[in-house]
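What follows is a single chain, given as structure tokens, in the form predicted on its own.
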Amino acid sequence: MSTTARTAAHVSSRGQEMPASPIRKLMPLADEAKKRGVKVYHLNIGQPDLETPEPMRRRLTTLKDKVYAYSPSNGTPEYLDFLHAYYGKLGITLKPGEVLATTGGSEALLFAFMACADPGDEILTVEPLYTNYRSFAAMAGLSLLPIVTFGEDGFHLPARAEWEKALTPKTRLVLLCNPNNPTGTVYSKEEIVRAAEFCRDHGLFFVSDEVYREFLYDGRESVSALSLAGFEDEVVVVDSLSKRFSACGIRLGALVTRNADVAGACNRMAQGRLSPPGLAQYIAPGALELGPEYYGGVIREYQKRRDTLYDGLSKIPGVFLRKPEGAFYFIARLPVQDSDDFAAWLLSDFAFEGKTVMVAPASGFYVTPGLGLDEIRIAYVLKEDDLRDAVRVLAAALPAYRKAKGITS
């Protein structure tokens, strides 16, 4: 028998660097609270409660296929036609090969990262940021290089001088989410053009995450990076049907670029993973039956929810937030020192009239250590009555938590 000592296998550095999701990591505590009979208001995750539009649901009932086969790697002709029509209504004309079907916006992001940068390169972005950017960057072997934005000015983009200072020889792309998750900020055309010009001047790609494009309040307008003339080589747009049509579970998105080299690279990646979801692509074209009244109704509903939550939270002593301009999230600053501990305490130790609230600690939406410790991200995806009740719970929880933790300042 060999006496040679065994060497244990080690998880890769990428695996070790994968961050836990601040959105989902507290789910076991939420499950335990529910087992105790506590009603939990989920403000932690952007899962819309609106119905997926009927024309999309109806298409599933008309499917006659008896074999659910692989779909084309770049997407079915019907789904690609749908995407061309959708962007056409936005005034954006695309050629064949400039649109790629993906498994949600998540795969589009991963493809974009891997096509635009090599392992060891950097992504220049702003924080707070969509937390899963950290996960996709780790998968691609990239580093996120963040510039801090601040709630006092609505988390809008810093001046170009700040971007210039942050640039390094390893920077390969700029990443922005507009409208923004987690801040609810809608960047102006001037801000988007400034970012695009910075990319063009430094030979960088501009990856624009536009999955919340229609979620705009108070009459605001959103500018797609695809609409900017003269930036065809720089722009890569990431898109998704998840939030737009309340269809998160079908896992269907798109990557759009006029850069032929990037499009080709992403198409080869798509071939490597075989095909995006076929049933989802069959469902999607039903959205072509939806008119302006659909989008208008969705926006009115979310704007009412935003106003309800903003008005309620603004009245709680010690809470600071700016009114979100788009998407359905915001970052709120609380009179606590550790929002991770507060979020866990809400689920494990607190109930008000048999109810509690689940929120996402904001530290997970920052790359810079130590930031976001007194902030939370809230998604306003519940009905107005539930949001009012959630505000009452938070209003009772904050002084109770401060007392329990001996916080006096």
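None of these values were measured; they are calculated from a predicted model. From 1 onward, residues are counted along the sequence shown.
Keep in mind that the form predicted together with another copy of the chain is missing from the display, and what follows is about it.
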Whether Ser106, Ala115 and Leu204 all lie within 4.5 angstroms of another copy of the chain in the model of the complex by heavy atom: yes
Per-stretch contact check against another copy of the chain in the model of the complex, the hit in 148-156, 84-92, 220-228, 134-142 (non-hydrogen atom, 4.5 angstroms): 134-142
Contact test in the model of the complex: Pro119 vs another copy of the chain, heavy atoms, 4.5 Å: yes
Proximity of Arg392 to another copy of the chain in the model of the complex, heavy atoms at 4.5 Å: no
Contact test in the model of the complex: Met18 vs another copy of the chain, heavy atoms, 4.5 Å: yes
Partner proximity in the model of the complex: Ile192 to another copy of the chain, non-hydrogen atom cutoff 4.5 Å: no
Listed residue that, although another copy of the chain is not shown, lies within 4.5 Å of it in the model of the complex (heavy atoms), from Pro285, Gly312, Gly253, Gly278: Gly278
Among the candidates Phe330, Phe215, Phe111, Tyr187, the residue which, in the model of the complex, approaches another copy of the chain to within 4.5 Å (heavy atoms): Phe111
Residues within 4.5 Å of another copy of the chain in the model of the complex, restricted to 62-96 and counted by heavy atom: Leu63, Asp65, Lys66, Val67, Tyr68, Ala69, Tyr70, Ser71, Pro72, Ser73
